[in-house]
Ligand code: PHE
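Just one chain is shown here, as structure tokens, and it is the form predicted alone.
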């Protein structure tokens, strides 16, 4: 008998928790910041309604109908489609490995906040003392013990959260989803009361329409929607497979998508109001404040916390506690999707063995990211997984299910118990609108990488992004051909 969620609210909160993560607090505000503030909101919401929500409905309906994780669900849609499920899980698990390292940074900074250990020069502390960053990706250097310890704590927490699958997750998410919302609301209120907040909010909400002519704005909008909604990871397929038969798939998709985007927008209010305060205190323009996503969380925000007129340590602890709780459910959902694929394929009943085995392997691989060059490699792998991996998965998903499977059966299935019914417009989006958008973006990104390496990294370092994708593709084909218990009847 397949495991089930304790309730519909548990499923919604778990999926929201998977969707809402560190990216909502630093990646979304940073991309807004980078592309002229309010201008980014337009392509972001276009991407949400033209691709994000339709693809979420597609993955929910597939997982729920087939009652299986991504590989087995795709196999049920066609024997030769199983590889795509494995490819999605390999991309997801590669992200989980470096995501856990960033979570380890957050654990470290949570304890640093009690004494504001980062001092006045937060940039020097982050790059030189905490990371002790090397000069190039190929100057690997030694493992940083403090980061390694944070990584270990993170994996212990992840394993604890998914120990019994949906049953454990159903209990944990009431803390890991609701608590960060409360803390985020506190930061919004606090940010709005700071001097200079209006200047930051004006930059955030005033659209610079000329930015809409930049291809990068649109590419980042679609990448952010996919990354943020957990589309293409296999998570949505696995999570929906634990739903009871009579489930409102379409309404759930709209609730989860809008909750995720609402959180991103709320995070933008919190971040930009405090950036306005930083700009006011430092006497520099808002556009000159932030240089990168991680710098927003580990350099700019600690500096702002130092400048707060009162309760700096409390707000510092709350900020990094928020990052920890936001990140932990995104991290364990990536792992849970992989474990669901493994248990479905080989019928392994002792889940705790898979949990611990994967955590040990992921921890050992993650040690590479705790070295002095770790930040470089995180940046490179993240770019290739989000800009190519997820885009390729979503494109292939549309082709395999839109043209090589009777898409109307999935539409009929998700309409069966849904209050909001989807019509043939959904088929049109999956078959004719989303694929060309994704194909153009992939081709344009490839052209850009041919013209110049990503962020000026050495070609040899950038090559590892391509190598990983090739390895994942070959491995997914091998896994598809391996024999397993893979019986859908046992999962239903």
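Residue numbers count along the first chain shown, from 1. Since the model is a prediction, treat every value here as computed from it, not as a measurement.
A second form of this protein, the form predicted in complex with ligand PHE, is not displayed here; the remarks below concern that form.
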Open item on the list: Heavy atoms within 4.5 Å of ligand PHE in the predicted bound form: which stretch in 279 to 287, 355 to 363, 230 to 238, 186 to 194 meets that?
Closed with: 230 to 238
- [ ] Evaluate residue 99 for contact with ligand PHE in the predicted bound form, applying a 4.5 angstroms cut-off between non-hydrogen atoms, and reply yes or no.
- [x] yes
Task: Contact label in the predicted bound form: residue 22 to ligand PHE, heavy atom within 4.5 Å - done: yes
Task: Distance check, residue 334 to ligand PHE in the predicted bound form, heavy atom within 4.5 Å - done: yes
Open item on the list: residue 330 versus ligand PHE, in the predicted bound form: is there a non-hydrogen atom within 4.5 Å?
Closed with: yes
